[in-house]
Every structure is written in structure tokens, then in C-alpha cells.
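Take a look at the C-alpha cells below, where one protein chain is shown in two forms, each on its own, as structure 1 and structure 2.
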Structure 1
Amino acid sequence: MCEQHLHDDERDARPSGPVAFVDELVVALTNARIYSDEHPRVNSAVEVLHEGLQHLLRESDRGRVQIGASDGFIFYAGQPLLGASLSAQRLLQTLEELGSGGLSFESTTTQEDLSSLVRFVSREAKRVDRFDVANSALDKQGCRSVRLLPPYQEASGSWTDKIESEWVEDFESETLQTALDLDLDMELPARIYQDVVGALQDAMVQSCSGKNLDTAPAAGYVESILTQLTHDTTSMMRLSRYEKYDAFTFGHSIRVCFIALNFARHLTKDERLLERIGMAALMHDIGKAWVPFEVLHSTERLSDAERAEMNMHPVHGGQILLDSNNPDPLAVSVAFSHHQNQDGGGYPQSIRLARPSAATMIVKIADVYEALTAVRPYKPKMAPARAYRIMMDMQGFFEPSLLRRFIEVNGVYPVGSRVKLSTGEVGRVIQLTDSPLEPIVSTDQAESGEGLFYEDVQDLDLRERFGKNRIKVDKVLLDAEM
């Protein structure tokens, strides 16, 4: 099992539905920020977007599709799309700046209309400060089927404009709030995640378009991640999302950052060092920005030459970071070394040291662990135990004692994972204990599958259930969560 196969081959059947539609919109907008309007990559993204829209229109009986945007979240048919919201930070930001509550697409929407929208949001929106002005600008470009919606107003529960408000009509006025209330703990982590994705998208745009990378914003968010991890590891570690911009997976980078930080903070209390490691983890794959589009997007097995291109991403990464403002040598060396093997294998070819730095070893471990346990369209999520065992089999890739420490820190049942207990109840691991197989589990689902009432939710320390009362973890539940 080699890591290359784990996350360089992220080629998949395209998912459909509102989440995919929003994701494609984000990709199209990002592409438009990087390339000229006529660039084939912008065109192809719009084409995909149009297909997605047709699909949604077929499923909808209203003859139009409306995507709501409020309070930092994307809504569809009355439901918040948490996953899609996580990567749509820049879109949400633009809509908010325009005072708009979302987008409405008529059934007559053409590819040209979508092109106009993408061009407008990614380029021209900055010059406009109100959604109605934006709509007239779209009009002038001949785009009449796409509209920016007025803001959703909680008081009246309806739009201030004539445009219908389908996305809210399906739920009572408090649903929007309830949807978030469902898991209040998740809100702050979600917002941090959103911010980091936004910063990564910017980084991507900067490095793709040949501008110097500005790492300062992302560095600020790493600080928040660290603070949040310290206060509430569970909800932070629960956040995982598969989304991708081309083959550069922001979600992967962010999760690697979480995992690496959560590990590293058990090894040092030096906050500055932790922030540097977090930043290095976040940026470890930034070099993929320079890997040719065709290689990243190839659906065939990569030829040797293409593989060589792909394997350049660590070298590119170091270079991009070296050219950034105020580069950190630690991040540079992590990006450069994260696919190198201790026994001289891996890539890129370079002079090797007997011992990689701890930062590199930590990110390598987090990188592979994330790739193995993440949800991917082409592969199911994997139980941590299996991932660890595979990693132990990857000889020469990890420092064994550090891998052991990682497994101890991350746990057989990592914090944040959902587990099924021998009683049939289901819960979430909220804390590890000195006994590897007996974490503290917060149960929230009865044996019957019914959710427990808030009062019945309890934190079970499995160590304390012994003898006849012994409760064991049966298994980790692997279903995608978001």
C-alpha cells in the first residue's frame, strides 16, 4: 500500500445534487479568479455547472433552483448544506457584501448566463455594493435567468422583493436557527473551517496565477484551530469534508492540519512551534497548484511522465512557499519532504538525512492517516484501527516510535468518532483514557436507533463499566457524517 495511491488518484464519478452544484460553482468561481474568461478551464467548469443545474431542475418541481445564503451558510430547499457551506466562504462573503440572500436560477438558464454570473461574482462584484445593482449589471450582459436574491429577513419570514422565496417556505421561521442549534458545538469549528478554506482558495489562486503567496491570513486561522482544538477537540475532529478544487483537496489539507496539530500538541507546549507545524501541514500539498491540469484531471492511469509531473508537487510546494511573503523554512522543508522515505525511497530525489525533522514526520503521519480514513467518492471511509495497521506495514516510511505515539495519542477510537457499543447504543468518543479500548463515550442514540433525549445523553467512562456491567466498543461507525 503506498501513499501515492491514496490521495493522488482522486478521480471519481461526479456526484450530483445541490451540494455538488454549490461545489462546482465554487470551482468555477475559483477558476475564474485564476484564468481569463475564455480559458478552457473556466468554460469546462461552467459546462459542468450547467449540467448540475439541469439535474437539479429535473428533480425540482418548481421550475427554478434557489440557493440561499444566510448567516454564513448555504441553504437548499429549507435545509442548511453544512458541507457545501464549508467550502463556499468566498461566495458567501461576496453575497453578503452585496446584501444578497442567495441565487435564483430559472429553468431557462443557459451556459452563457452561468458564465456571466461566474464572471460577475469573481471579478466585477467588488465594484458593486448592492444586489439589485448587481442584477441590473447581469441584465446588461443579457443574463436574465439568474438573479441575486434579496436578503432573507427573519422578522417577516419572506423576501422583501417580488422574487419568491422557495428556499425558506419549507421550514418554519426558526428552522434556520434550529438547524444550527442542532449542534451548537459545531458552529465555531465550522466557521473556522470555512475561513481556512477561503484562505486556502486564495492561496491557490495566488500560486496558480503566479502571484506571490500571502500566508499571513492562513497563519491567523491556524492559531484559531489550535485554540479550538485545545478547548473542544471533539467537534474540531468531527469536521471532515471531501471537496476538491481540481485535485487539490482543501479538505484533505485542513484535516491533515487538525490531525497534525492534535498530535503535536501532545509533544510540545510551544505554541509558536505548534502554529508553524499547523501552517506547514495546511500548506503541505500547495505544490499541486503547479501540477499541470491534464495530469491532475487525468482519468486514465498516469503515464510515467505524468507520474513524474505529479511527483513534482513537493518540489513545487517548497518553491511556492519560498516565494511567499515571510517564508518559514519549516513549512518549506515539510512540503518538500512529505513524500520522502527514510530509506531513500519516495520522491523527490534529493540528499537524505538519517532522520527527518519531527515536523516532517508528524505531517507525514497525519497526511497518510487522513488519506486512509477520509471519505472519498472512490473509496469508503476506513476504521482507524485498520489505517494504523496499514501504516505500520508501510516500512521505512514512518519513524516507528513516533507512529506508536501517534496511535496512542489519536487513539484506537479517536476523539470525534462515532462508535457502536456492546449495548447497541451509539455515541461519540469525547475523550481517550489510559485504557486504549475504553474511551469516554457520549451516547446519543438508543439501541433501537432512536435518538436520545437531551436529558438521556450521558458520558460513559467505559473503564468504569466492569464485571457484569462491562460495556465494550463494538465498532467504529464509518458512514459519512455530513
Structure 2
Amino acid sequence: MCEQHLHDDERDARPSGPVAFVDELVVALTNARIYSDEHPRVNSAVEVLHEGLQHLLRESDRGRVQIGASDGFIFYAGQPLLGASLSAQRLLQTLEELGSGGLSFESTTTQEDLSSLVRFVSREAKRVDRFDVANSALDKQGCRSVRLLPPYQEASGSWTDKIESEWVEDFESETLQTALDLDLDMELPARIYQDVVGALQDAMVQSCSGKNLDTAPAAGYVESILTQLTHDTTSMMRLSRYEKYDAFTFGHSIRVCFIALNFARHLTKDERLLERIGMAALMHDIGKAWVPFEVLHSTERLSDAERAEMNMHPVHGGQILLDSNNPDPLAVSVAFSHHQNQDGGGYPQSIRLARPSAATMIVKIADVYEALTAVRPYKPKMAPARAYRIMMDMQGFFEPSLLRRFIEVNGVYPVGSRVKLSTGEVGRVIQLTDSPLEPIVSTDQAESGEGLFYEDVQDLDLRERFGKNRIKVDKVLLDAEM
């Protein structure tokens, strides 16, 4: 079984707002690619989606909710949503192919209307080539409260009949600039991330449908990740620090891939080996596709039987990759062994006692580090320094010298981390130095909270003195949703 949304018991803790709504739309679309229209998982995903829409409608003073799509980003109320955009590659691609600038939901939108939209986008959209034709197809299904919108650039035409003119003005004058401020150099990393999410969604659908996994598309994206890491470490690791919880395991797998690759490239210059390690990291949890939904998303302590089921995901992962169209023994080994420990403990138990390979230990370190430092509904974000202390205390889990090297490479304040300085300014770590507590930070927000103009941005080497004082990192911040 392969389920892509949260357990019913988690609804009280489920995030709300436009990002969560887009995430749930992607969840529903992914489920619809796997299951029949009447499958409980599809119906449940649409129900959750409808709840999210009702939340947004209560906050809206327009009586409708509009989700924009342009240039590879999702927009809401004139603002680009980075997290939602990273997960919505297939949705964005479909809207682009239809020449659509987004989706509009009226206050009268029902679950049946959302079911029609999900069914159309996931299965039928490929048969039409224009958004207006798509709207006609939705009309025939009785869905008249959900519309595919014209492209944003048509603001002088039909846009004015469908949305308030001030939102068009916001988009044209400020939103594009805000998207650029996301940073111009973030555009390529974000698109790579989106492509990888799309590849993982396809891999999940293939695995759940009983088809042999085709790893070639994902392998190509791993090459892009490695190239971008080499040329622009800061932007790529910034995405790896994007700890927003999403409804998928995809984000975790991609972040583990980034972290493992960034570490591994400090250990070897063999590009082919690095690509194989990156692919293994990306697919290390593919076996969770076969773990029952009730177990994978349980909010209560697992029973012995449920824990045994969960602990089968490395075995499932090894089998899925072994049966893939082009199996790599390294990736198969990592999927199978990433929960085995250096001292022989962990799971699954092997007939022969053998220490996990270096590649497996690299992925294992990245896997545990990401899990500790990422936000989850049931726990807050953990600072890297605290995560390191916990990992150092996990006797027998890791190869000690490799873990020490990881801490040295990753840093107390990893590249890409958003930090608040002792001056009150906020910035992003762009480079580590020989002093672990004194990285180079690029400031982008003043003590007052106001964003800095480009010419006022400073790259501060915290090893240097500024006047009589030494500037220090006060704390690591969670990236705000955009």
C-alpha cells in the first residue's frame, strides 16, 4: 500500500493555510494517479482538501480562493509560496501545458467539485490543450465552482472579469520582484528540486502500481544536484535547510540526498561514485511505498506487529531497487542497510554479520541528522549543535571518525542556515570558516525587521571585529514560508 496523506487522527495538528492547501492538492493528485476514483484514500484526500479550502475561504474577504501559477512558482495573495512550489511540479506543469495561470475556487465549491478537479488534472488533462477547454470539460462534469484561470499576463483582458484588479497590480508590480528576491540564484536550485520531487512521485506511483521502477530520470537529476552543489553550495544547501513539514516523505529524501552529497564530495572526487551515493540517498526510503498507511502515519506508539511491519521498509526498498530497470548494487545495499548500525545492531538482521559500507554510513548519518533537525507536527526544530550531541551519544550507530568528519564539514551553523546575529540582524550562512562558531553570514534583514536593499546587504566574516564588538550568531531560525 502507498498512502500520501496524513492520518485522520492528525487532523487537529495538520498545518492550515495556502501552503498546506496546495500540499493537500498535490497529495490528492498523487493518490488519484495510483487508485480508482472511489478508493478510500482518494476520497479521504479530497475530504482533507475540502477542509483546507474552507479554512482559506473563512480567511478570505473575496468569497473565493485563487492559487496563481507562473514561471514555475505557486502564488497566493500576491506572494510566491516556495515550499508549495517545490512540491507541486506536476501541477505546475499541467497548468503550463494548458496555458493556465492558476486555479479559482468559489465559496460554493463542494467535495464533489474537488473530486472532479482532481480526476481531471491527474488523468484527463493530457487530452486537452487549453484552459478554456478544460473548464468546459469540468462544466460537463457538473463542476462549475472551480475554474482554471487565464495566464497572468492577460491582466487587461479576462482577468479583470475574474479577480480584483488590485491583485493583478500587486502581481505585476511587486510579486515578480518578490519572486526574484527569493533570489535570482535560487531559481535553478528550486527547479532542480521540483524535478526531483516529480521523479520521486513517479517512482512512488510505479512502486505502488507494481511496475518495475525506472531510476533513469532521477539519476539524471542527481547529476544536476551534484553540479549545482559544486557551483553554488549556498543555494542548494539553503533548500536542504527548508525544514517545513510536508505531507510527503519526498522532502525528507531530497534533503537527505543534498546533505549526503555535500558531505560525500568532501571525501571523494570520483564523480561517478558521488552520483551513485546521491541516487542511493534519494531512494533510501523508497521501501516505505509498501508500508501500510495505518502503520506509516500512526500517531500512537506502534504495536510489536506494527513495528515489525515498519521495520520491513529497508527490505522492501532493497527489493524495489533490485527489481528496477537498471539496479545499482550500491543503492540496493543502502536501501537495505541504512537502519543497520556500525556495531551490528539495528534492522533488518542479516545472516552474516557485516558492517555497513561507507556509502551506507554516509546516508545513515545524513538520514538521522535530517530527521533530528527537521520540523515535524510532533516536534519542534532542533539546532544542529544539539543534533550533533545526540548523534555523538548514539554509541554503536555510526562510524565515529566518519561522524566527526561530517560535523566538521557540515558545521555548527551549516551553509544555507538562516541565523539571527547578536546585533539583531538576520542573514544566511554562506560559507564556513576555520572557526566553527564564526561563519560568513550574508545579512538581508535589519534589526528593525525591515528587509535590506541589495546595496545594503553585507557579507560579514564573524571572525573579524566590527568596531569594539565581535558579532556572534544568536540563534538559528526556521525559514519563513514565502
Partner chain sequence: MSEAIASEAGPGTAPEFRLAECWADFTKAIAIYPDSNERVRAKLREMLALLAAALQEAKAERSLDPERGISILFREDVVVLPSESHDLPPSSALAWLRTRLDHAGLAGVELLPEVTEESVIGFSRQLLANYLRKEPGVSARDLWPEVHEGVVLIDRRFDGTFGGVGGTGTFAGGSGMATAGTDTRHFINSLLAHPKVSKRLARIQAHTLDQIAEGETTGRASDMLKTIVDELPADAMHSRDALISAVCDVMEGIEGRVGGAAANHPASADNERFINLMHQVSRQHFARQGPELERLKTAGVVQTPAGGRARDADIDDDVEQLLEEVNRLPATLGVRLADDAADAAAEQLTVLMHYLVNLERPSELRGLYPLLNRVLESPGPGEFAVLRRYLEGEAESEAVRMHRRAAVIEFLVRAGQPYLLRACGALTPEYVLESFPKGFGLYLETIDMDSPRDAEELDDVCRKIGDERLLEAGPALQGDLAKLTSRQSSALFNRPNRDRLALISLLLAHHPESRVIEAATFLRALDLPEEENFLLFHFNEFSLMTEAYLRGLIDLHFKRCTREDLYGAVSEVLCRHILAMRQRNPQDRARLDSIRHLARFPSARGWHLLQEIAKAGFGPFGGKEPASVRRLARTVSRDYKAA
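Numbers follow structure 1, counted from its first residue as 1. Heads up, when I say rigid core I mean the largest set of C-alphas that superpose within 1.5 Å between the two forms. Quantities reported herein were computed from a predicted structural model and do not represent experimental measurements.
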Between structures 1 and 2, the form predicted together with the partner chain corresponds to structure 1
On a core-based superposition, does Q445 travel 2 Å or more at its Cα between structure 1 and structure 2?
yes
